[in-house]
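Read the single chain below, which is given as structure tokens and is the form predicted alone.
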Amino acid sequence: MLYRWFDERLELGKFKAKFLAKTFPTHPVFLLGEVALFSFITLVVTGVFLGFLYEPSIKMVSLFGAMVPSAYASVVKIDLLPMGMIVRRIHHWSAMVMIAAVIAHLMRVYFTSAYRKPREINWLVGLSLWGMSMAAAFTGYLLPYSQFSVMATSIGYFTAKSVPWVGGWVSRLLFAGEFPSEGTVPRFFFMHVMLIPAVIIGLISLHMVILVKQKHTEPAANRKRKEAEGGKRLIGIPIWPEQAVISLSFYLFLLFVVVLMATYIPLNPIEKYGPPSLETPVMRPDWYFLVVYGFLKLIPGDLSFSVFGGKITPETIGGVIFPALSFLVFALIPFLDRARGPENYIENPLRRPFMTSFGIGGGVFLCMAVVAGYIDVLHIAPGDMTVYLILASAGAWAISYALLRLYNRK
């Protein structure tokens, strides 16, 4: 009765026939995108809870007899609430899982050439989602306003300020003046809970619309199956109810894993670092910023020059030029490795020697940049680490390329 009432007004039957009957591929790698989506949903739900209790201000207040910023005090009080700390940790871990899932999803698309025509736009949307996920994580860094979060955010401030010609304007726009200032926390809070989530929701919606229009790619083995009708039909299961039940079960399992991690693995505990002070804590950013952090450590501190009046500093090279060039290379991939006609089947990475070895070499380069973030612990000089990074990346590319060429001659 209730369904009929809504159906007469919203034509739910037509919606179900047009969209919910579409096919979803059954290969498990296609669930990577769902991991990112489900993590984002968890972030929103836990973020709403935290938003009710968090105070985005650095006004000094009394906390257990000591004067501390109100942002810091509100996070300490959240941790003291029943389930408060576990919700905050779930929020933190979900952010990490989302970024990892987006990266893994992009890697799956890259190594199987699923970015080729007609899916170039969705590749760019995926890259944008990666960038916005990183931006959401960065703006969330500052909100606890602990010594760790202030120190980590200051690296971003000096990086933004190092952008040639417009660095002063960019840093004032993002950080609401000099850092830290009274306006920085409210500005970051706005970007973290309003602006960036709105952009992410828009990108996810665009990604889904394009996906519905173009359909998923398929394993190459499906090409020869009779029901594929020569590549005209996607082989899989209907979105409703089969895939919906699988997705719900998978979401509950993912939530269980995240809760388990949040229960037993603390992340940047606020009580360990305390409120901001004049001391400089020994810290390292979370893993997804270690690539940039490590690359910054490899740039000689005295390397500085001017180009058309704009000053290029180590922060410019490691924190601006290197990430920008990396994103540019990723964005250009579908336009350099093009297909003449539409390709709806994923390719075997072992049959693509150049692109696969290029991806392996690039992956080793990024992993070595992460290692560079620990050169102080490993007692490696920046110059030596630079040589290791180049040799490891070039070696990984050359060896994998030679092996794949040999494999394809069989």
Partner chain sequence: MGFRVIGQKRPSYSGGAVAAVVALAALLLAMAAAFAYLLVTGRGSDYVLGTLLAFEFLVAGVEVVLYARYFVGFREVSEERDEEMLW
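All values reported here derive from a predicted model rather than from experimental measurement. Numbering follows the first chain given and starts at 1.
Omitted here: the form predicted together with its partner chain. The next part is about that form.
Residue-level contacts in the model of the complex: of G177, G301, P269, P238, one residue has a heavy atom within 4.5 Å of its partner chain, and it is P238. For the residues I399, V387, A21, L10, the 4.5 Å heavy atom test against its partner chain in the model of the complex is passed only by A21. Not one of S154, S181 and V199 places a heavy atom within 4.5 Å of its partner chain in the model of the complex.
In the model of the complex, its partner chain lies within 4.5 Å of some heavy atom of Y264. Contact check for K213: a non-hydrogen atom falls within 4.5 Å of its partner chain in the model of the complex. In the model of the complex, none of the heavy atoms of F335 sits within 4.5 Å of a heavy atom of its partner chain. Taking non-hydrogen atoms only, E227 approaches its partner chain to within 4.5 angstroms in the model of the complex.
Across the options 307-315, 191-199, 252-260, 67-75, residues that bring heavy atoms within 4.5 Å of its partner chain in the model of the complex belong to 252-260. Although its partner chain is not shown here, in the model of the complex the stretch 80-96 places heavy atoms of L81, P82, M83, M85, I86 within 4.5 Å of it, in sequence order.
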